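This document starts with one chain, in the form predicted alone, laid out as structure tokens.
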Amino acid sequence: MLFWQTLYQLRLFSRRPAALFFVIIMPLIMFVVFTVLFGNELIPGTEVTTAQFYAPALAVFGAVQACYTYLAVSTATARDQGVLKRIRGTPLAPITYILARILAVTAIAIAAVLVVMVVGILFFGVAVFPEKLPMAAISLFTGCFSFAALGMLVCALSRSSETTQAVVSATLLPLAFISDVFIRPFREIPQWVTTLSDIFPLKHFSTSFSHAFRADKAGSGFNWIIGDEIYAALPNLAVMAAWGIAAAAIAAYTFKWDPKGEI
């Protein structure tokens, strides 16, 4: 039942052109536009080209769009329409339904990442380092879990799909600008901005995944020691996991299946 419900959720996504555009197509368009606009040269002060920076960063943005924005809004919409309430009257276990939604958005997130990365590799010279790919995959799945849990938390705490849409937009876009997703690291950033971004999981998701595609970072990522020339993703994974576990626990306690707020 979990397998078939996951396939059903994927089919629903494929029939929503707006969701397909914002999750899969928009990150790709942004990657191509940014690379062409800024020029695919070395970023001043780094050994990374524009494409090498933006491909993994915007791939992460696409994954977050799927696991956070789409999951939260689509679940809240289903609740408003009474779908979730009716699900509880079927043989399908509620936990199976939620897990199917999470598995579906994880598959969508992986597709979004692959689209951006494959285009970057084939057309913009993005380099891949095989020894770092295992940690890149672990970072991707950890980030998907963390933001899926946060998406369910936003849905649980919001009273309608409109409120959910407003909350995810108001939280994701500002964080993306201060979390090494949209802005290239070519100049000094105020310390308070760095400190603020380090608190939230998006910076850690972007860093742990993006650094797997940087030649100036040594190591496979399985390292706790953070340095300018070391690929150490374990601290980032710990922060993402902490956010995900906390969000999942609160969402499970507060989630309502009925649009009227009934459990």
Partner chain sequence: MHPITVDNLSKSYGGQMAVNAVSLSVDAGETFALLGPNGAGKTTIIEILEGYRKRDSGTVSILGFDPQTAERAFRERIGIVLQSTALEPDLTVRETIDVYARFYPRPLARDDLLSLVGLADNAQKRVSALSGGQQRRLEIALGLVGDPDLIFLDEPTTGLDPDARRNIWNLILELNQFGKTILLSSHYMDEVEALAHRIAVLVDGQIVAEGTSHSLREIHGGYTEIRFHVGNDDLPGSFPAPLRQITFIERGWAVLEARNPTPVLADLTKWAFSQQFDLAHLSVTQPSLEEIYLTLTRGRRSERDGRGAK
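Numbering follows the first chain given and starts at 1. The structure presented is a predicted model; accordingly, all values stated were derived computationally and were not measured.
Just so it is clear, the following notes concern the form predicted together with the partner chain, a form of the same protein that is not shown.
- With the partner chain omitted here, the record of contacts in the predicted bound form names 76 to 84 of 106 to 114, 189 to 197, 134 to 142, 76 to 84, defined by a heavy atom within 4.5 Å.
- Contact check for R88: a non-hydrogen atom falls within 4.5 Å of the partner chain in the predicted bound form.
- Although the partner is absent from this view, L92 contacts the partner chain in the predicted bound form, with a non-hydrogen atom inside 4.5 angstroms.
- Of the heavy atoms in T6, none are within 4.5 Å of the partner chain in the predicted bound form.
- Interface residue remark: L12 is counted as part of the site for the partner chain in the predicted bound form, having a heavy atom within 4.5 Å.
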